[in-house]
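Below, in structure tokens: the form predicted alone, a single chain.
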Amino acid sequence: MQFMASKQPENSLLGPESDSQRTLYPYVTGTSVVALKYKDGILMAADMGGSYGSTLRYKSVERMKPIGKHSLLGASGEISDFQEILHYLDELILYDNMWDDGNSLGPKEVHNYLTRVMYNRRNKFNPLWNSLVLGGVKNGQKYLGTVSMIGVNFEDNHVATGFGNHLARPILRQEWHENLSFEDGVRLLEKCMRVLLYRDRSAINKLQIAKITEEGSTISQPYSLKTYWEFSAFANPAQGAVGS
């Protein structure tokens, strides 16, 4: 008896058109996340905008989430990919809790896990289109790190993603110090977010600030910053530019 391989029609679900797809570009994205160490823990700030291309479509997107007992995660980039990462982390924390051994994953372990996930997906040419900030406190040790969509990662006293890398980190390098109080840390983050609001078209004036200490994490209610738009440079931004 001979078995003949059936020929699939060209429009079949099993045909060439059903080959696995890759994320070629993000759809709904969030902009910068800025975070720093202060004397009691970690502070993190992000606005709540979700841009559909260049359209500011969503204005209540929460981009910071507590992870387990000791960590806090913030994300720029594709919102649906961030949700996928949160599913991964839920499984990781659940698996860790199932051991019931009195231990729990700290921020360094979670950050290391995220670097492996992002680099693994990059190697499959199917990246999770996010830049992540992971901070936390465990056993009195503060930890703050970041990882990009291709797995590039580092740890520092202050980090930022997106436009924050270019506009906020110079401010942080100049004004951050190790003994920042909570109030001074919040003021410094608000200064960074205000500059980003002025200069980043995707930023909106609705933000949250999160903190994590040895006692746990707290994410503030959304609020707006006081702004001033009467600077002379804003009146004619092209003045002095070549060709103007």
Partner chain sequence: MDLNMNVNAPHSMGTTIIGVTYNGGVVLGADSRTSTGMYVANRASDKITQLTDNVYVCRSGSAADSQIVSDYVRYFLHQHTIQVGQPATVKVAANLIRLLSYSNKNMLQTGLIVGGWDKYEGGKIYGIPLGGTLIEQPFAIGGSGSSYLYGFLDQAWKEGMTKDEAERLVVKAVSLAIARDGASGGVVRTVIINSEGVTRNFYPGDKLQLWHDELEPQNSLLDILNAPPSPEPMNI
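Positions refer to the first chain, counted from 1. Superpose the two forms; the largest set of C-alphas matching within 1.5 Å is the rigid core. This one's a predicted model, so the numbers in the text were calculated from it and none came from an experiment.
What follows is about the form predicted together with the partner chain, which we do not show.
Novice: In the model of the complex, is there a heavy atom of the partner chain that lies within 4.5 Å of any heavy atom of residue 187, even though the partner is absent here?
Specialist: Judged by the heavy-atom cut-off of 4.5 Å, residue 187 is in contact with the partner chain in the model of the complex.
Novice: How about residue 71 - does it come within 4.5 Å of the partner chain in the model of the complex, if we only consider non-hydrogen atoms?
Specialist: No, residue 71 sits far enough from the partner chain in the model of the complex that none of its heavy atoms falls within 4.5 Å.
Novice: Would residue 107 sit within 4.5 Å of the partner chain in the model of the complex, counting heavy atoms only?
Specialist: No - in the model of the complex, heavy atoms of residue 107 and the partner chain never come within 4.5 Å of each other.
Novice: In the model of the complex, is there a heavy atom of the partner chain that lies within 4.5 Å of any heavy atom of residue 194, even though the partner is absent here?
Specialist: Heavy-atom contact with the partner chain at 4.5 Å: present for residue 194.
Novice: Under a 4.5 angstroms heavy atom criterion, identify the one residue in 149, 117, 93, 172 near the partner chain in the model of the complex.
Specialist: Filtering the options by heavy-atom distance leaves 149.
Novice: Residue by residue through 90-105, which ones have a non-hydrogen atom no more than 4.5 angstroms from the partner chain in the model of the complex?
Specialist: Nothing in this stretch is in contact.
Novice: Following rigid core alignment, is the displacement of the residue 227 C-alpha between the shown form and the other one equal to or greater than 2 angstroms?
Specialist: Superposed on the core, residue 227 moves its C-alpha less than 2 Å between the shown form and the other one.
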